[in-house]
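What follows is a single chain, given as structure tokens, in the form predicted alone.
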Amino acid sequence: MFIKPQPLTQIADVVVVGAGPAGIAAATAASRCGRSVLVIDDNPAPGGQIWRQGLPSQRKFDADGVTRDRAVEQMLAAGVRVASGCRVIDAPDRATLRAYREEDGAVLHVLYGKLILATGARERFLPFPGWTLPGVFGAGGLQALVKGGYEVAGKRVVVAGTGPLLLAVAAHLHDYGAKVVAMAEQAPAWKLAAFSATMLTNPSKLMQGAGYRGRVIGTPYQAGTWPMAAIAGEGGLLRAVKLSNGKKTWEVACDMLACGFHLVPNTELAALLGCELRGDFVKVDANQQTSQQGIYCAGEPTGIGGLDAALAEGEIAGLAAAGQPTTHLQKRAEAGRKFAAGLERTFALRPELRTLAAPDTVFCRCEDVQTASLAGHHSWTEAKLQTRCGMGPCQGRICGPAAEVVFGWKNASVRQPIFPTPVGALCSNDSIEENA
């Protein structure tokens, strides 16, 4: 017999979606101002992608662990409630969210006075021949797997794509025993040099980057270089990566490829709530308020600016949601915005990346749609209707940004549920059990 899961209600003055650095900072600030605060996060523990926790046995590799643990302790000490393992799937009305808890199938009805979106970002993937082979990972994805216990000791790894994440990933993989045999950054050397020069006014970030490079000093770092193909060997497993610098191509033997082309902001919930976007990012004012009154946004959805920017914006959003002044934080936030703009200029994707996929290269992994099937269509919506591209479990989160780069298509709409959800959860009845 099928039993419908009963919805639970959670009520708070301020609800924060996302428990990464921005969400933690926002929740702590609002709670310290006397507001009741609830944080909803889909991970099993606070920290997000930047502060993702590893296994206890690997704490010696967790350089951010002390900072993360202190931030989480301060948040909990301030009285913030945390609903971990819960994913927001819908916004049925102006002051309500619905979240699905996978552990027990419960549906949470979350009622809020003010809402802060700190939904972070995800990796951008671009299709190229062999990108679906066993042994090919997202750069950040492989880092997360290794923190969770995935074994890479002794494995030959190529790290390729673009963005500052690549160097950090290479250093972390080295710490876990991997043999990082090559780093390929698609941005040209002159852009990287210009960006490094701007960091002279930010010595902490310069030292952080130098520290990462020092840990993999024996590995070639090749600017203006990108992956052309992943090559299968015996048993269909990855055996090599073909790289190019536009003048020549060559192969690098490896067991794993960690590849990512910078980050894509998670703006689906913001779009569903009617928040205005500026390009790919959520438009906010100086107090991190969106175009929707009482809804704030902080961290990567407003611009890919890294940890310092996320912490500053999160604190501003939390204070503003609590009706407190934020003037003293504006200088930090502005520095974060400048850093984000520098990242965007430096790691802008080169045009050669648009033509990496061959006609028979799988473009949409969920629905097994090849690149050739998308030729001749004129929009994302048309391609979805005709090929099912973007209609699988990831709901276009992987192939959608790739289609924007390759074809220039933008996703025209966001529909609930914004994540795959069991039908039984969506059909839960209207009786609500109090759990405030």
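The structure presented is a predicted model; accordingly, all values stated were derived computationally and were not measured. So that there is no doubt, residue numbering starts at 1 and follows the sequence shown.
What follows is about the form predicted together with a small molecule, which we do not show.
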Picking from 358-366, 294-302, 149-157, 189-197, which part of the chain touches the small molecule in the model of the complex when contact means heavy atoms within 4.5 Å? 294-302
Answer yes if any heavy atom of Asp42 is within 4.5 Å of a heavy atom of the small molecule in the model of the complex; otherwise answer no. yes
Please tell me whether any heavy atom belonging to Gly390 falls inside 4.5 Å of a heavy atom of the small molecule, as the geometry stands in the model of the complex. no
Even though the small molecule is not shown here, does Ala258 get within 4.5 Å of it in the model of the complex, heavy atoms only? no
Whether Val80 contacts the small molecule in the model of the complex should be assessed with a 4.5 Å heavy atom distance threshold; does it? no
Among Leu38, Leu272 and Gly400, does every residue place a heavy atom within 4.5 Å of the small molecule in the model of the complex? no
Only hit among Leu329, Val284, Leu126, Ala168 for heavy atom within 4.5 Å of the small molecule in the model of the complex is Ala168
Would you mind picking the one in Arg213, Arg87, Lys242, Arg239 that has a heavy atom within 4.5 Å of the small molecule in the model of the complex? Arg87
